[in-house]
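Just one chain is shown here, as structure tokens, and it is the form predicted on its own.
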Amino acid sequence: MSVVTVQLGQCGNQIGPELFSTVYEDSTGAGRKTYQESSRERFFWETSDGVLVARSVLVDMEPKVISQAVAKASKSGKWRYGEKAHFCQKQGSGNNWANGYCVHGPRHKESVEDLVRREVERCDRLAGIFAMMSVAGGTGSGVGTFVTQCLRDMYPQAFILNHLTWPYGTGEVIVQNYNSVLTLSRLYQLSDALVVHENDTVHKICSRLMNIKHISIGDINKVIAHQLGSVLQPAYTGDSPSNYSRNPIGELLSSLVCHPEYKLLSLCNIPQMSHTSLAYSAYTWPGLLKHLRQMLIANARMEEGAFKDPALYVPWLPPDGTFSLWNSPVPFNGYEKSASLVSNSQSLLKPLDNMVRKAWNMFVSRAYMHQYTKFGISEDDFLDSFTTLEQIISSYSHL
């Protein structure tokens, strides 16, 4: 089964090429025939002359980032994007969610839908749609939300998983919290789950674990791609213990999203280090799992195998529905041993609460509201969004 990726805005179109390069490199090597076939079927299709083409649609309202992504993929000589799999315009969305959602999205709806439909029809079987976007800007958040809405209408039975990059807390865009609130409140109704990466957290990984002195956007995107690849690549799962799982998104969602009120997924991966340090590292599985558990719940007692400890989970989940173990005999992306943890927990509660609080403080003084009302987003729309997110915060707080 295949995953169709939709790269939206600057952020999505910068992380996308890194993800495809990661899964390509990871599936290349001796003794990986079955693993490689499963990975390639999932993320690429092959032309008549043997060239691998990403199962992806690229959407942005400016041409620069898409041009760079397409050129970078072609230059690698290993894989490329489809010649007619991208859509862009000459002007951006001006970091305005309303401009993207109310103007650019509806204006270019048919063009984008046609591109997605073409990619989906190339799949023998569709495992799901993976949409990558930021929540802070205009195109990724505004157009991205509108496109997700179109995808839900086009494929009501398909799994839709959104990957969201949350902005730095110190701020990249003055209205980023408005954009984030409007994006999250609507995606929560449309998507099956939201996998979140916070720029602040990934920045710390680059600085403290990978010892990168001058951190670039490219470094951050590589870390995000590595973590996403570690979960999306072929693995043996509870539903498929002797063969590689056919449907990674479906199994991920069935394991983690047990209630429509809880859709926020966080992802961590260990170890992460500079390539020069890899040769000198030695890890054991008990050590890695102990570390993961420490990352899941601070100040807890550390014992191996403790992910099945009932104290970690809400009481209304059945014991066999709390924890799923996936594994692969193939080392991932150059690491002899690595472990990833995807959790649906309170870990995103604090940053979400901070985001809503900052947006509300701006809203009560009506700061920058005219930028949204001129495109048709009313104060009532904002109030509805705040109500939705307050309900989400309340639900997670009472877990």
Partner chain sequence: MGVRTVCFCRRSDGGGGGATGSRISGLRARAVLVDMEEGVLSEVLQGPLRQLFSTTQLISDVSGSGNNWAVGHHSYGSVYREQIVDQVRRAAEQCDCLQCFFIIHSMGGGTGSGLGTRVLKLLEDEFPEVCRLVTAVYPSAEDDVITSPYNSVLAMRELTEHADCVLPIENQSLVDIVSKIQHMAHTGKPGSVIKKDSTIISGQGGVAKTEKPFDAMNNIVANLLLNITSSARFEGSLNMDLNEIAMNLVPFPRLHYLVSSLTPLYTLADVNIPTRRLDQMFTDAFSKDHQLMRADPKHNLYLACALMLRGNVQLSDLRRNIERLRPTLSFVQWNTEGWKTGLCSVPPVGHTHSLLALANNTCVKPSFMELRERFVRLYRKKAHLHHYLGVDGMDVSGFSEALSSLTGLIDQYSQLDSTNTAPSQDPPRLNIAC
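Positions refer to the first chain, counted from 1. Computed from a predicted structure; not experimentally measured.
Only in words, not in the display: the form predicted in complex with its partner chain, which the text now covers.
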Between the options 267, 173, 150, 257, which residue brings a heavy atom to within 4.5 Å of its partner chain in the predicted bound form? 173
Exactly one of 367, 330, 53, 70 has a non-hydrogen atom within 4.5 Å of its partner chain in the predicted bound form; which residue is it? 367
Among 152-160, 173-181, 125-133, 224-232, which stretch has residues whose heavy atoms lie within 4.5 Å of its partner chain in the predicted bound form? 173-181
With heavy atoms only and a cut-off of 4.5 Å, decide whether residue 145 touches its partner chain in the predicted bound form. no
May I ask you to state whether residue 250 is within 4.5 Å of its partner chain in the predicted bound form, using heavy atom distances? no
Heavy atom to heavy atom, is residue 22 within 4.5 Å of its partner chain in the predicted bound form? no
Mark residue 82 yes when one of its heavy atoms lies within 4.5 Å of a heavy atom of its partner chain in the predicted bound form, and no otherwise. no
Partner contacts in the predicted bound form for 88-116 (non-hydrogen atom within 4.5 angstroms of its partner chain): 90, 91, 92, 94, 95, 96
